[in-house]
Ligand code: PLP
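One chain comes next, on its own, written as structure tokens: the form predicted on its own.
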């Protein structure tokens, strides 16, 4: 039986046509050299940069290739804060960020707060549907705010934030001195993204787009990023990021990105149909409700399935089309156990996640679900399904069978 891979928010698999590109870009030499094959690599990278900028409606921006979004996030966060520290010489520095950011941002901010006495951090929590509201975010901006960070699409719940409205609200409070950053890892190539001068810096990771691991980029607005130092000193990437570029990975990522963008509209429709199929199949065999309806209910059922989202789950402007987080909520006996559900599914060769793939070895509940102030009974049973354009209806059916089978087994055991 084939593996049903439903963990595409963690990483995606590379189609054969993309894998073939690896061989194409091998043995071209150092991209910084002057011989013909090296010049061909540089031309490809420049073409890819232009493609990336068109893909997120960005003019007067630079694309800096990195080893992934973690490096891009650290490059922007650490660079902007250090630049502000040099300019403001001992004055208070303030950063506002959403509480649902990727760990690579939150951990970098934690490190900097410990290392820089004058640095202050405010985390803004999401609403009941997992979204960051522009008015809540803007209220956290101070006179000393130098950096504001809000991700576009959340990798766990799939909630899509209106980063442009948030950026405008930040500008209304803090002006142009505030650098506005957005992690667009889960949205670039999946739904429309428009930086259009409102977002100063963004991060992308191409293994989320059927490309290879180890390749990402920072997208930065030139006027806003001027004077920011580097994490890796060197002459490559215009001096913004040292180290010989990963030409094989970048060429392969370009092929994957072209394929993904060409299929974006069809993929969105396909993923929404599969999400609808999953909800319908679950609803046919168990009571299913949205998180908002569950939280507002006066009485709780002994067993029900809670979709961790609001009623806009099928709107790609509100939730990623291919992401569905569902929780087994049990009000009889001990809470449901999502790791047991995951393990049963894995034995049936269905791969899902119990949260962010970077979080699964951590103690306690997901920081995203905690930020939503969910009761532990919901967090304990939460499973994330993340699809792609290659996911099949049969794979969704296999997930539903295994998921409900273990949920009902845990329920029967508790009675």
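This structure is a prediction, so every number in the text was calculated from the model and none was measured. Numbering follows the first chain given and starts at 1.
Below, we refer to the form predicted together with the ligand, which is not included among the displayed structures.
Although the partner is absent here, residue 104 sits close enough that one of its heavy atoms falls within 4.5 Å of the ligand in the model of the complex. Proximity of residue 185 to the ligand in the model of the complex: non-hydrogen atoms within 4.5 Å are present. Not displayed here, the ligand is approached by residue 207 to within 4.5 Å at the level of heavy atoms in the model of the complex.
The closest heavy atom approach of residue 155 to the ligand in the model of the complex falls within 4.5 Å. Note that among 31-39, 369-377, 63-71, 45-53, the stretch whose heavy atoms approach the ligand to within 4.5 Å in the model of the complex is 63-71. With the partner omitted here, the residue from 151, 147, 306, 250 that has a non-hydrogen atom within 4.5 angstroms of the ligand in the model of the complex is 151.
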